[in-house]
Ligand code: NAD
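Just one chain is shown here, as structure tokens, and it is the form predicted alone.
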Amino acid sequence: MSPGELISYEPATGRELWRGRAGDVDAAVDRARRAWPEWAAKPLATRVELVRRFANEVRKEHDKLAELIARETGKPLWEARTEVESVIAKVDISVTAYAERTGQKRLDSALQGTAAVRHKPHGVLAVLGPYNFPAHLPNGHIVPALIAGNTVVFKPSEKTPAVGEFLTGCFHRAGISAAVVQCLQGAVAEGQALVAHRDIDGVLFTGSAQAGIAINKRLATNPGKIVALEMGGNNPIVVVDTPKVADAAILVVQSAFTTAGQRCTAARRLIVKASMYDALVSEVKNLADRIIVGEPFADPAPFMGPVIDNRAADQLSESFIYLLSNGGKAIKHMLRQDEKLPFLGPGIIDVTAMKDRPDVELFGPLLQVIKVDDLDQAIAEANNTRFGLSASLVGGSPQDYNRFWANIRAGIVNWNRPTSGASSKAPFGGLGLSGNHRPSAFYAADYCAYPVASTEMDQPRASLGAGFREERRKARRPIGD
């Protein structure tokens, strides 16, 4: 592979899917900067109509985009189809969010004129997308940014460039200028150059905590740039007393192993009350044993596809061995189906006896189990992390959930529901290493425009208050003197 060349391979087969070259960061940003005044000056209704046309373009290309997502990420086709549906649905959600979160307000006063609150776009925004939801997650930044009047330079993950290119093409076919939304292909170097570019007005990022922290450090001395970071999680699912063991186990498996565990909201830790441990863990293992792992288009349809690449599979296998070698007890070994392809079976390991459990995001189908005595101990263990994205309580009473909700540190807190599958009609974000208090989804409108307060009158009118001497007027001389 020559310098600057990018190649995307299908995780499930190892075949080449896409080949291209890294883009020119300076040229892309300059083009977006020159396009911004005209785009920002368009009426809001025009921008809304154009993004609605984009949704129609995606709808027309539904099957083609779903197949591409499945091939480039390895996720099952059924799941890729749900991602395309989320891309389409995001437009109406974003239109509603913009009206609700950034609408105009006027407060009239006869003597003081009009007090107004309106919003302005930032300018040129960089959107850095992840590989696990290569269409839905960057789209969750791009559409709100466009509605607000920003232009966008979108750098997809170097692991999913084909989906990024396809998604951008849908915007262009909808009538949105190729200068207003650009797809900048590239790897780490291009991402770093884009973040550091002086003509970028903000960075909207979804990805790992490591990359997000690097972005935050790079821009820490430049408060003029908006930075929205949606990072990962070491998410707990807590199970206390419930007679519905089978249902609880299904929620655990859905939380831990959907998308092969490659969700920022996936459950990494199962924290279970001792009285529930044997029955629940046995049922979770039985369900995990039944999971079909296969290529995206297999029949019967798999629940899990491969992880994104062999490097990720190797790191997860090594992590399982590390946990096992440092006090962990295997409940279900993580098995590699083919050394040449990144298919991993779900792994489950009891780490209760580990003295120093690593507080890291193991981004794949690896679930750690911790046994506790009661709910208070469970909450303390759930909060034993630098992350704070998602947490779920399964079982218990309404009073238990109230205590859990009040004390847990997370931006998404659920009861008798999985840790994953958050609604785009609500804010999506977390605390600590999971985000920088700029939640996305419905609240993305907040970081795509900034509020401007005004007081206005149609004619100048003013009067002097206290603190002025009385004006001395010259006496007029009589006429004729």
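In this text, residue numbers run from 1 along the sequence as written. As the structure is a prediction and not an experimental result, all values here were calculated from the model.
Not pictured, yet referred to below: the form predicted together with the ligand.
Here the chain stands by itself, but in the predicted bound form one stretch of 94-102, 391-399, 251-259, 126-134, 126-134, has heavy atoms within 4.5 Å of the ligand. Of the candidates 411, 232, 365, 342, 232 is the one whose heavy atoms come within 4.5 Å of the ligand in the predicted bound form; the others do not. In terms of contact with the ligand in the predicted bound form, the residue from 361, 381, 165, 79 that brings a heavy atom within 4.5 Å is 361. When the ligand is considered in the predicted bound form, residue 385 lies well away from it, no heavy atom lying within 4.5 Å. The closest heavy atom approach of residue 202 to the ligand in the predicted bound form falls outside 4.5 Å. Within 4.5 Å of some heavy atom of the ligand in the predicted bound form lies at least one heavy atom of residue 156. Remark: residue 178 does not count among the residues lining the ligand in the predicted bound form, judged by a heavy atom distance of 4.5 Å or less. Residue 264 is the only one in 243-264 with at least one heavy atom within 4.5 Å of the ligand in the predicted bound form.
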